[in-house]
Every structure is written in structure tokens, then in C-alpha cells.
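Before any questions on how it binds or moves, here is one chain, the form predicted alone, in C-alpha cells.
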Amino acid sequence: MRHLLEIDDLAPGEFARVLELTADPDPEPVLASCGVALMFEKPSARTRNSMEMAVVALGGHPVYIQAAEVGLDERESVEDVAATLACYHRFIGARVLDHSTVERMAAVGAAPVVNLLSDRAHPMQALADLATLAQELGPLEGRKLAYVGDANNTARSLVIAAAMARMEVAVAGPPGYGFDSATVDRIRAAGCDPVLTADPAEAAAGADAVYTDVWTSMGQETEAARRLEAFEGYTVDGALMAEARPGAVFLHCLPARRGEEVAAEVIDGPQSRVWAQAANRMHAARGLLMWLVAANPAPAAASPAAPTTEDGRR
């Protein structure tokens, strides 16, 4: 059974195939008469809307489930919730607080699981990001991506995906907010030796795309003041974009805080592609679901037994 818990659960060729399917303007209704469970421990605008509409576009029926409705590890174990949802749904998508939750769901083996965001990874965003870059830049091999800011879950999936596409990658952030050694090893294993620097201008120099994310993510609100101080000087503004190649594009997964990680002149300016990214969340979700259908053929349905009378006759 194939799941998508982290972006490199896909082999490079599979990753490329998902991007091809993302661009399909007329997909077949491969989820006709199928349900897809979408369980959220954390709220979301883009993830919920993009996943629901992707399922609808493929002929399926999405069901939005709040965490309180299933009571993970309180009313029922994660494993029992996954087994229950698999009774009704072709796939389970989950946006969770702890990555181990999607791992436990997948380990049940009852239905393919898609990580809609965890504290460790955001593979659906990475698919949309690379689809956007491919639209803007064409073939991605040898192109340079600069990421400036907090090396969070979104950045981790993004950089691994860029490595799988054979892009060059540079990451700039203050000490203490970079990737751990295990993540760097994973990026290298995916095909790229990233430039890791504390200098945003060094990272952005010659880049085809500059990407950032909020400095304080959901759940880190108590760290906001400390993070504002630590990331001073890491705002993506016009001067930093000028370090990139002429015509370079700006990306941000949203929501954004103008005046913190990005200047309004950049995110609302002509180099910004943030709304194309947002739109591609839906297309990427559709492409992934199409791939997962092919990778996880549904078992043949058993013929229903004819009703039996009290004396045992059919």
C-alpha cells in the first residue's frame, strides 16, 4: 500500500509523474462513488478547500472531520479511527499536530494515508510549489531556489522536493533555526548538496526563485517576540529580490505577515506568484490522488450474497 507521508516517499520518477498529472486539464473521474476522509487537528483555509475540490473534480465525495469528532487517543485510538474511516473511504487525509499520527494511521494498512501537514512535513505544499516553479521556469534541473527564513516543516519538504527535481538550493536563516543534520542528509540523499548560510543575500544571489514562510508558525505563538528578534534582517524585500536573477519569482505558502518575513512590495508585486501557488494546491492534490488511485488499485468487490429465508433457502 502506497501512502504520502513525506515528499520523498515518492521516487523521483513517481514525483515527476505526479507533476504531470497535476497539469492534466481534464482528469478522469477516478474517485467516482468513493469517499475521501479529511481529518483536521489544525484548521486550514487552503488545505481544506484544495483537497475537497480535488476530490470533487475526480468524482469523489470529501468528508471533513474535526479532531473532536473522532477524539484521537481519547475516545478512540489513532489506529481504530483509521480502521473505521477505511470502512467508508478510499483514502484518508490528515492534518495533524504530531507526525507520528499519520505514521500510525499508515501502519494500520487499511487505507492509503496522505499527510496534509504535520510538524515534520508538508508534502502537499511541496507538490504545489514545484508545479508552480515548473510552470514559471520550465525544466527545473539546474535552476536555483533560495529559501530565506525558518527551516520549518514546509521548508523541509520544499527543499527535498527541489533536490528531487535536481535544482540547486540555498537556505539562509539565523543560527538555531536551520535544518538538523538528519534533514541535511536527507536533502543530499535526494540529489542536492544545499548551500546553508546565515546571509540572505548569499542565498538569493543568482536565484531563479526566492521563497519564504512565516517566522512564527501555528503553535509557536509564545515564541513570537524571540523569533522577531532572531529573524531581523531576513525580510524578503525589493533589495533582496534584486540579488536574484532578473525575472526571478517570489513564492510564499501563505498565510503571510507583510512587514515581517516579506515586504508588501514583493508579495503584492509583479514577481509574486503566491496566488498561482494557492491555485496549484488544488491541482497538485488532484494529481496526487490520481497517482494514488493507480498505485493502490481497489480490491475487487465481492458479489453480495442473495438474501436467505428462515428455512435456509436463497
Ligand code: CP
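Note that residue numbering begins at 1 and tracks the sequence as displayed. Small disclaimer: the values here were computed from a predicted structure and weren't measured.
Keep in mind that the form predicted in complex with this ligand is not shown, yet the notes after this line are about it.
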(message) Within 4.5 Å, heavy atoms only, one stretch in 259 to 267, 54 to 62, 25 to 33, 39 to 47 touches this ligand in the model of the complex. Which?
(response) 39 to 47
(request) Considering only heavy atoms, tell me if C253 and this ligand come within 4.5 Å of each other in the model of the complex. (result) yes
(request) Answer yes if any heavy atom of K144 is within 4.5 Å of a heavy atom of this ligand in the model of the complex; otherwise answer no. (result) no
(message) With the partner left out here, check for me: in the model of the complex, does some heavy atom of H122 sit within 4.5 Å of this ligand?
(response) yes
(message) Using a 4.5 angstroms cut-off on non-hydrogen atoms, would M218 count as touching this ligand in the model of the complex?
(response) yes
